[in-house]
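Given as structure tokens, the chain that follows is alone and in the form predicted on its own.
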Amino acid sequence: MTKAAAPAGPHSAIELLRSQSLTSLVQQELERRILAGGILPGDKLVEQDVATELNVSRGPVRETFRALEQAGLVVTEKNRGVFVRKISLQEADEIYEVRAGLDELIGRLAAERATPADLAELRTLVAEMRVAGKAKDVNAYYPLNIRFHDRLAQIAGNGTLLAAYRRLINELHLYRRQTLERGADSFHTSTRQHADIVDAVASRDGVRAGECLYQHAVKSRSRLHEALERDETLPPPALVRETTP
């Protein structure tokens, strides 16, 4: 008769918890560095080097690499290693098209479900973005921009939508930062659009909130092209749809 496996003892449970906690901390730190531009697209991540620098074993680093690959931030190339993901401008265009659709749905749902506390939080974020924008401080503005959109996606109240949005947005982060850094009027334009989005959500006008977010994604993509292709004569592919005056 085969004996049942003995339950894990307290030491095993503690080791498991410690490993999971370390993996979470390592992942947060690498995500922060990638999104802040400290680790650039195409850079190679060496498991042992990361483990040594962060003073952890290689296990949590290995798990972190898997999580970052699922999040779309790194890629594993056979016989070469792990690299911060690089996406082409064409891929960015395709992602923006999908993002515009998701953002429109987020706006419609957020307008239905936002609480007064949610709206106050969004207005506070916009106020902080305005201050950072006037100072042209991308290091302060960019995280606020991320928090604003992620908070809206949370307010929409759909877990599947939130997961899909986060996965998609991870792939655009580095390009979005470049748009802010290179666009002379990007801060002012971006802040104004965020304020308009909050006004639409606060008015409970789901159609207008959705349209504001859709157009925000479209215009973000246009600013990306302006920032990266200033010498090109061809316009970006059409995505803007006709809107009612």
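What you see is a predicted model; the values in this text were computed from it and never measured. Residue positions are given as counts along the sequence shown, with the first one as 1.
Below: the form predicted together with the DNA, not depicted.
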For this chain shown on its own, do Q48, N55 and R80 all sit within 4.5 Å of the DNA in the predicted complex, going by heavy atoms?
yes
Of R62, R192, R33, K219, the one that lies within 4.5 Å of the DNA in the predicted complex (heavy atoms):
R62
When the contact criterion is heavy atoms within 4.5 Å, does L22 count as touching the DNA in the predicted complex?
yes
Please run the contact check for K44 against the DNA in the predicted complex: heavy atoms, 4.5 angstroms, yes or no?
yes
Which one of these stretches, 134 to 142, 72 to 80, 121 to 129, 95 to 103, sits within 4.5 Å of the DNA in the predicted complex when only heavy atoms are counted?
72 to 80
